[in-house]
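Heads up, the chain below is alone and in the form predicted on its own; it's given as structure tokens.
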């Protein structure tokens, strides 16, 4: 027994020494910047994406979501590091149904999900009420498509957009109606949404300033499909042009009903009308319709052709706002890179300072959060396709 005991003690010491070395090695592997396990550490960065994914505007909503998804997929492929960890961006997509009340519900849901930022919403009518919820919780929000002036006029430091607002678009439309189209008597219809009514107000002001007379001002809703009564009333005023502030699900049947009533007035709309879906719904009755869209045509965008190739290969035809959703996503990513953090409180000051060439043009924000520069392009339906008429820049 006396000979065995020293052997047991020696073996115990050897085992203890070996375990100590293993523990030390494990600590070294886990140390930040030491390679090994830390090099593969990831940070899940959840980003909200909100748009109507059901209902008449679902195609536009999916277009927005796809544009943002394409950007975040590219960022993931690049292996962007934030705070020493590889960022894995994940979109949390919500359907606001283009309804203001639903918009606030899903906004709170995203806040509760601890998203680091939001790309959206699509419509001004949902973007504006949701923006207060994001502002109250210090979550940056970049809309690719909400153009109503009040969105960024509220003073929220969390609110940004990458598309020209309705102050400029309405001014271009009103002036274009009175000058380029020579309309002396204009009838205006809007859908009472934040977008439709706001744009119509700007058009009315600009048209009057350019010498036209607004002979009728009518209202409908963003759920209506029958405009016979409104159009019949307008017909008696004999307008040269009818402007509609609203979206294509109302604009397309309105044009068809104008034809059915024998109304010869020109039809003018904003970006809510200038969509691929308008063409398919209006059919041949859409020939000659004129509409605007903030920004320049995709073919004239700095990264337009490359974006079209990438997007169509993965998702098919671009509807309208996908390039702007892509740029909105990259504005957020670039701000996080500059701050080396996905923490909204840390990267938000960098978001206000971003300045880069995106697909749609130069992306930088003014003090309100509006994109600087900007342009408005006029289109007309010719042979069943939207054809560029001209682009008006600031």
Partner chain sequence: MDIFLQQVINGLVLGSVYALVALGYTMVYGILELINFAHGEITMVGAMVSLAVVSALAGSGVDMPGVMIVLTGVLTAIPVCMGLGYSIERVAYRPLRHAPRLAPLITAIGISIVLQNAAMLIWGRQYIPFPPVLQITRYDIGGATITNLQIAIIVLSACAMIGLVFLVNKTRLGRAMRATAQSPQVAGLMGVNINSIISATFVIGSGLAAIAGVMVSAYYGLAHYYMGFMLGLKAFSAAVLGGIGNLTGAMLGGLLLGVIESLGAGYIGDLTGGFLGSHYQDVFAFFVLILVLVFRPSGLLGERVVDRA
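Positions refer to the first chain, counted from 1. Bear in mind that the values here come from a model prediction, so they are computed numbers and not experimental data.
Below: the form predicted together with its partner chain, not depicted.
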Picking from 78-86, 177-185, 253-261, 286-294, which part of the chain touches its partner chain in the predicted bound form when contact means heavy atoms within 4.5 Å? 253-261
Quick one: is residue 134 in contact with its partner chain in the predicted bound form, heavy atoms, 4.5 Å cut-off? no
I'd like to know if residue 59 sits close to its partner chain in the predicted bound form, meaning any non-hydrogen atom pair within 4.5 angstroms. yes
Can you tell me if residue 306 lies within 4.5 angstroms of its partner chain in the predicted bound form, counting non-hydrogen atoms only? no
Considering non-hydrogen atoms and a 4.5 Å limit, does its partner chain approach residue 167 in the predicted bound form? no
Tell me whether 341, 357 and 361, taken together, all sit within 4.5 Å of its partner chain in the predicted bound form, counting heavy atoms only. no
Pick from 298, 210, 281, 215: which has a non-hydrogen atom within 4.5 Å of its partner chain in the predicted bound form? 281
Does any residue in 215-247 get within 4.5 Å of its partner chain in the predicted bound form, counting heavy atoms only, and if so which ones? 218, 219, 223, 225, 226, 228, 229, 230, 232, 233, 236
